[in-house]
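The chain below stands alone, shown as structure tokens; this is the form predicted on its own.
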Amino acid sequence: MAHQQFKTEVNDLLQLITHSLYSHSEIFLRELISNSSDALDKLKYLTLTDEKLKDLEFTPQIDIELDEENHKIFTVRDNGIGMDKEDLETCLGTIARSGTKNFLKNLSEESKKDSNLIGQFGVGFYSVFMIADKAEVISKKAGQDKAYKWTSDGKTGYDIEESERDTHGTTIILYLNENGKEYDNRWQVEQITKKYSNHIAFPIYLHYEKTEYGKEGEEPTKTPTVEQINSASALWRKSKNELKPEDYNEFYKTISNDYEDPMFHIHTRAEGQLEYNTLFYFPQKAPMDMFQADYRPGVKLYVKRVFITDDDKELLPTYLRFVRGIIDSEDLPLNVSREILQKNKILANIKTASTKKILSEISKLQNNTEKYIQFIEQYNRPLKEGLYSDYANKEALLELVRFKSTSVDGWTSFKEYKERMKEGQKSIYYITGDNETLLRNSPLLEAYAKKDIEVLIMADEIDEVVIPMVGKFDEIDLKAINKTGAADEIKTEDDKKSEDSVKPLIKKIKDALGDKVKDVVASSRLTDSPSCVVADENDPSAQMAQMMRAMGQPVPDVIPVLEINPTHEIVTKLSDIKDKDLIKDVSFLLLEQALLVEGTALKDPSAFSKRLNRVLKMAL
């Protein structure tokens, strides 16, 4: 038996858990019960579907044993699927998720106090080291002969050796530290279990010695007592009328590894051609792995109350991956495999109906402005993903997504923008980029502001991908003002006259800049700034090109269109200059300062600096 070290990430995480979360240390019991419940779920499923285990008879249960006299040992035992040596190594010796190290590195001091991090990387078991100096895990896998014991102090590493256990399942023995002794009494255990695990689908039995007092002068007697301390009912199968808000909240915490109450929940029972129950929750805060490729799906699938899987990313659309909850079908076969699930018409219909129900409930949430802002702050971006991935629900999603604006504070919708549109306005205008402050200060907004035309500020990088694909809202075109076409709609007769006046200058600037620009045109959208850059209607914007390169896609260099303000003093004076070198320097400076304002890095900062110095010298 060789002593093995934890990986660095595990050590860091254990330090974080044991030093930052003592105020939430009671969640260790929730985590252990949740793990036992999962083990029972898996074995129950296998006894129905695995030929080798079909004859295995077992009565699923979880047992908690106390040492109330000495307050030294706390035991949680189940008769579930159990673990072999490899399982113990994988589940308890490592954290099998990517990104753990970076997660810990970037974790802010404030979020270190948030117990929601328990479970974010599948580390619920490690919470025992908040209350224990040592943990032993004795486990025997169903269908196997050997049992193994995993031992650790949560600091130096762990040992695995052969052991003895009468039946399949897992026993966890905790050697309590000073912080853990408060939990070694039946009142605490019963209270915590009812708080977090009352609706675990299996009975939880508490073993303790009941003290009985006789007549005065007689010694009290202690009787070994076993008592069930949870309701062991499938909450999602109950009628809404039977349940209180706290029932829903407690159950959410047992399935989500979240310490906070959910934002809201959706409880549905469908009867008729298809019969199923669903219970969906929206976390107060977006899951930390929501934008990771290996995110953990949050919905569990049951068939007739038998757990099937909690690792299927197809139960709901990808953009709803933040939803937590249960789908329980009466119509699927119990031996349904992962491959069958992906092609199953029953599950496809449940998915379609559930998606529409979720979007419908989100739509109702709009009636509560404060609550909806809270929702949008967390989940606006995933909903936008749905605009290009879920065509069937595109119209519903267009009503739900929100954007910032030049005309109102906070968030606004396409529908609200449409209601504010000017008479005769043909399009919904927007500007995209990756920095809201830069966008709000963009010279491209000047003419729209002067004409009191609202522009939506789209500073989320996904907007670059989604909005051009959407194209319209309620038959109204969506037009990016950082593309060439949008300016034509706000052009006045005065703008057209100004264009004619600078045609000779435009030719000079084109000659000076050469292939650095796709075109040079007179601008109808500038009032205060001398120049700006826009993308050709058929080209990706600079931000889009940058995103495509980051994804490894080949992208030709995006050559900008330079717009000059015919009425700006720099431009009018440049028209009278004959010095070709000065015209070239000023032309490049007009281009380069416009690129900088847009947030685009210059390819040759040194040349820019030299040009700027030459012009400054002449000005002085």
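Take the two forms, superpose them, and find the largest set of C-alpha atoms that agree within 1.5 Å; that set is the rigid core. A quick note: this is a predicted structure, and the numbers were derived from the prediction, not measured. All residue numbers are counted from 1 along the displayed sequence.
FYI, the form predicted in complex with adenosine-5'-diphosphate (ADP) isn't displayed, but the following is about it.
Colleague: Please tell me which of Thr47, Asn35, Thr567, Gln593 lies within 4.5 Å of adenosine-5'-diphosphate (ADP) in the predicted bound form, judged by heavy atoms.
Modeller: Checked against the cut-off, the match is Asn35.
Colleague: Which residue, Gly143, Pro297, Pro382, Gly124, has a heavy atom that falls within 4.5 Å of adenosine-5'-diphosphate (ADP) in the predicted bound form?
Modeller: None of the other options qualify; the answer is Gly124.
Colleague: Taking the partner as it appears in the predicted bound form, which of 473-481, 502-510, 287-295, 81-89 has residues with heavy atoms within 4.5 Å of adenosine-5'-diphosphate (ADP)?
Modeller: Only one stretch qualifies here: 81-89.
Colleague: Each of Lys195, Asn198 and Ile326 within 4.5 Å of adenosine-5'-diphosphate (ADP) in the predicted bound form, by any heavy atom, yes or no?
Modeller: No, none of Lys195, Asn198 and Ile326 comes within 4.5 Å of adenosine-5'-diphosphate (ADP) in the predicted bound form.
Colleague: Closest heavy atom of Val571 to adenosine-5'-diphosphate (ADP) in the predicted bound form, within 4.5 Å or not?
Modeller: So Val571 does not count as contacting adenosine-5'-diphosphate (ADP).
Colleague: Determine whether any heavy atom of Lys584 comes within 4.5 Å of a heavy atom of adenosine-5'-diphosphate (ADP) in the predicted bound form, and answer yes or no.
Modeller: No, Lys584 sits far enough from adenosine-5'-diphosphate (ADP) in the predicted bound form that none of its heavy atoms falls within 4.5 Å.
Colleague: Check Leu562 for me: does it contact adenosine-5'-diphosphate (ADP) in the predicted bound form (non-hydrogen atoms, 4.5 angstroms)?
Modeller: No.
Colleague: Since only the chain is shown here, I'm wondering whether Ser524 would be in contact with adenosine-5'-diphosphate (ADP) in the predicted bound form (any heavy atom pair within 4.5 Å).
Modeller: Although adenosine-5'-diphosphate (ADP) is absent here, Ser524 would stay clear of it in the predicted bound form, with no heavy atoms inside 4.5 Å.
Colleague: With adenosine-5'-diphosphate (ADP) taken in the predicted bound form, which residues across 157-177 come within 4.5 angstroms through any non-hydrogen atom?
Modeller: If the 4.5 Å heavy-atom criterion is applied to adenosine-5'-diphosphate (ADP) in the predicted bound form, 157-177 yields only Thr170.
Colleague: Aligning on the core only, does the CA of Tyr252 end up 2 angstroms or more away between this form and the one not shown?
Modeller: No, the C-alpha position differs by under 2 Å between this form and the one not shown.
Colleague: Superposing on the rigid core, do we see a C-alpha displacement of 2 Å or more at Phe129 between this form and the one not shown?
Modeller: True for Phe129: a C-alpha shift of 2 Å or more.
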